[in-house]
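As structure tokens, the next two blocks hold two forms of the same chain, structure 1 and structure 2.
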Structure 1
């Protein structure tokens, strides 16, 4: 597998504080990768090291195959939304975006069209003549996202891209991320919004206290191949015993409004076939099924391991 990012024992100290402690993970090319962790876990510090804003105390990372010290070689192929960077307070949005486009290598004829495209995509074309100092938090965030989508980067790093956005703007940003992924652009998303990460990402890494807690595909993290949750309607008979008798089921636990089933497909059997067998058994036992969820929610998993 080819990797867009490989972090190798990344460590960052601020005085006595070890913000990131020997962090290693790999982001496959073309994937949407989520970076998760509670406040102070080291997400933004990791992000800043990968963007070249801050220097690692030790360890290294490769970005599109280049070590951090050679980041300049791939700079125009990488884009990012830094979490707390502000637009120039005294310059108009459009001028700043044009500056970024030109600095990113676009020629004078294509830069204005590209700026209009990304401003339009985040619904900020009307704000093009505003100065940075009058932008609200939401506007500044959308512009930050817009500048990250300038051109055709191969790798986009987004630090909390939907934080502080209204639902419509957040939906737009998620759609833009999916569009990037459809073009085989690699996207690294740092977020607190676990539902969003679960919905968007193919892979994720969970970090806590600067250390990697778990990394893998979303299916691995949510145990999508190991756990099935059946939500039952009010007054439903309990099908647990019948389901537990199935050869592919090794555990059934009662939940407040349903059951969690641990599964182990037989050789040559798919997870889908196991789920179908479980549902057959539940229906035969008159269960009133309101929802079937494959795997646990990322939130549940996250709360369990952080």
Structure 2
């Protein structure tokens, strides 16, 4: 597997405070990768080191194969959107985007077409003539995402791209990131929003107090191959004992409105086959099933390991 980012024992001290403490993780090329943790976990400090905004106290990272000291060699292949990025209040959206395009090395004939493409992708073509001072918070976030994907960079780093947005606007921004990343751009998203990371990302690293807690695919982090949750309808009989008797089931726990089932497929058996056997048993025992979920939510898993 090839990696767009490899962090190797990254450490950053600010006086006595160790904001990032020996952090190591790898971001596969072409993935949308979440850097997840609560406020103060060290996400923004890590983001800033990977962007070259600040230097690590010790450790290193490779960005598209280059160590941080040689980051200038890949500058034109990398784009970043800091959390509090702002745009000139008196400049028009299209002019700002053209400036960024030219700053990124695009020639005068290519830049206007590329600006139109990314503005269209984030639904901002109608706002192209607006000045920065009249943009809403949501529009400014969308413009920031558009700017980050100008020129189809190989790697895009986004720090809290939906911070402060209402749910509908946040959903729109996530959809835009997926659309813009569809050209095999690698995306690193720093966020404390667990549901957002689970919805958007293929992989994630969970950090707390500057240290790595766990990293892996979203399926690994949520234990999608180890846990099944069945939500039961009102008045449903409890099928727990019958399900526990299945050879592929090693644990059953009661929930407020259902059961959590620990599974272990037999040799040559898929998770899907196990789920089918569980549902068949539940239905045979007259259970009323309202929902089936593979794995814990990322929030549940996060609370378990931090």
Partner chain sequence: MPGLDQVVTVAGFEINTMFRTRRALAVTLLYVLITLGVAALLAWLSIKIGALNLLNSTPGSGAKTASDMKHLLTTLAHGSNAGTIRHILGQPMVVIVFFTFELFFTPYLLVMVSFDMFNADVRSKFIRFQLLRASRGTMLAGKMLAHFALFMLVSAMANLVLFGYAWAKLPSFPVLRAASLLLGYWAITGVEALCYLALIALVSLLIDQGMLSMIVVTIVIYVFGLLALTSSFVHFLTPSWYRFGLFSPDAMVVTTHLLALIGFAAVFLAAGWWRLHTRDL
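Bear in mind that the values here come from a model prediction, so they are computed numbers and not experimental data. Throughout, rigid core stands for the largest set of C-alpha atoms superposing within 1.5 Å between the two forms. Positions refer to the first chain, counted from 1.
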Please match the form predicted together with its partner chain to structure 1 or structure 2. 1
Compare the rigid-part assignment of residue 52 with that of residue 178 between the two structures and say whether they agree. yes
Treating the chain as two rigid parts, the smaller one turns between the two structures by an angle in degrees of 13
Report, to one decimal in Å, how far the Cα of residue 89 moves between the two structures once the rigid core is superposed. 5.2
